[in-house]
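Have a look below at one chain only, the form predicted on its own, in structure tokens format.
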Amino acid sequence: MFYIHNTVCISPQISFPDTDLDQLIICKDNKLYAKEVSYTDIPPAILRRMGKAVRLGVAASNPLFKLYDKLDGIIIGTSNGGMEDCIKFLNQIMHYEEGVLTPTNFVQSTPNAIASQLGFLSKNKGYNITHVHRGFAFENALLDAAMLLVSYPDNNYLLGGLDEISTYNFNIDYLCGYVKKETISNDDLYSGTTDGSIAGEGVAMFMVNNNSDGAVSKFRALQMLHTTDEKKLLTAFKTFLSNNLPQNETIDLFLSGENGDARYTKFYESAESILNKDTAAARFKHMSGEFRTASAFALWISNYIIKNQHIPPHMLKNAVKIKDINNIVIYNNYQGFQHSFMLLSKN
């Protein structure tokens, strides 16, 4: 579909500016917060008006802007981006009885605040869009980039996915049972048998185009599926592999979006059941936590694995040894009904 070149990720782990994924950062209170960086590239007068999601998005994009003279558009997937500022603004309306309100929280309160701020700071007047589709927000951004590159094959696009832990959404997810009631450490996430996971946040940005020169990987296929039926999922996964995996090629790594929620483990186990015995299986949500665009982190770490030919040991679910990591399949599941498959290959 397209090639992925430079990438940047700001996550709860040591991912930017230095990267050390062999060391696992432990969470507190069932929340994995992104490790914010020094925002030296953002003017202080602008920085102090930014919400966290916008800060993360700009900080992750600035290094990529410097590498490309030609940028034809900005495509962002997010679900909760700007939510914290939205709640602040709504509280102001109540507190001041719809009187004189501070405009900053309003300006930063919408999901498209990230993409618009990136366009403003980079002086980019090209295509600028934000996809907000719950657990498919980043997947729809991927699909959008792929379609644009069919129509405009010489273009370069900044593609990203990000979300923040807002107090409002965390409380809603907790009350709905999507966050564990008991306190759990992320290094023990997969051993539990209870409902819920741990909350996460982060941003991953990618420069994508149709040029294979210098690319780290090739993004080859994407499929999204709405279902709560395990059999339909398995059929869809088999079809995805048969349609997109070239003949005589195999999956070297299956990257699973398991999140420790006992209700959804069956979906991941079902997908793993058809894998070759020589296929390595790994998990990533003990590093990122669960959030609606966690698949962006999965895509970033897949690029890291392909580029470095190294899987951090704490990610591995089985003991299969791989000489060359050429094909990675990512399977992510959001709240048991939004499923996505991605196929990524070494360039």
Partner chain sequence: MIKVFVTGLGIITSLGDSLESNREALKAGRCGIGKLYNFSTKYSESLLFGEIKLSNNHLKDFLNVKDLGVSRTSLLALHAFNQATADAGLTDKDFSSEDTALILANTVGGMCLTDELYQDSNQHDIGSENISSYDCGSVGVFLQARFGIAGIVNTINTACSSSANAVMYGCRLIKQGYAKKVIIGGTDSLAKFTINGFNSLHILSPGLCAPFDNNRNGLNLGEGAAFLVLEAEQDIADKKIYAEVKGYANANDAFHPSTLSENGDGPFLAMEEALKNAALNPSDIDFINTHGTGTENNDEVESKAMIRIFSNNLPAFASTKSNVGHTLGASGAVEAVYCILNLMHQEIYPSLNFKEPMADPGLIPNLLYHKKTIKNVMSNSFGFGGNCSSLIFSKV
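Numbering follows the first chain given and starts at 1. The model shown is predicted, which means the values in this text are computed figures rather than measured ones.
Form predicted together with its partner chain: not shown, discussed below.
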Q: Select, from the options 196 to 204, 267 to 275, 251 to 259, 148 to 156, the stretch whose residues sit within 4.5 angstroms of its partner chain in the predicted bound form by heavy atom distance.
A: 148 to 156
Q: Name the single residue among R263, K231, R134, K238 that comes within 4.5 Å of its partner chain in the predicted bound form, judging by heavy atoms.
A: R134
Q.
Can you pick out, from I165, C86, V208, L189, the residue that has a heavy atom within 4.5 Å of its partner chain in the predicted bound form?
A. C86
Q) Counting only non-hydrogen atoms and a 4.5 angstroms cut-off, does V216 reach its partner chain in the predicted bound form? A) no
(Q) Would you classify P103 as touching its partner chain in the predicted bound form, given a 4.5 Å non-hydrogen atom cut-off? (A) yes
Q: Mark R292 yes when one of its heavy atoms lies within 4.5 Å of a heavy atom of its partner chain in the predicted bound form, and no otherwise.
A: yes
(Q) Using a 4.5 angstroms cut-off on non-hydrogen atoms, would I129 count as touching its partner chain in the predicted bound form? (A) yes
Q: Could you list which residues of 1 to 17 come within 4.5 Å of its partner chain in the predicted bound form, counting heavy atoms only?
A: M1
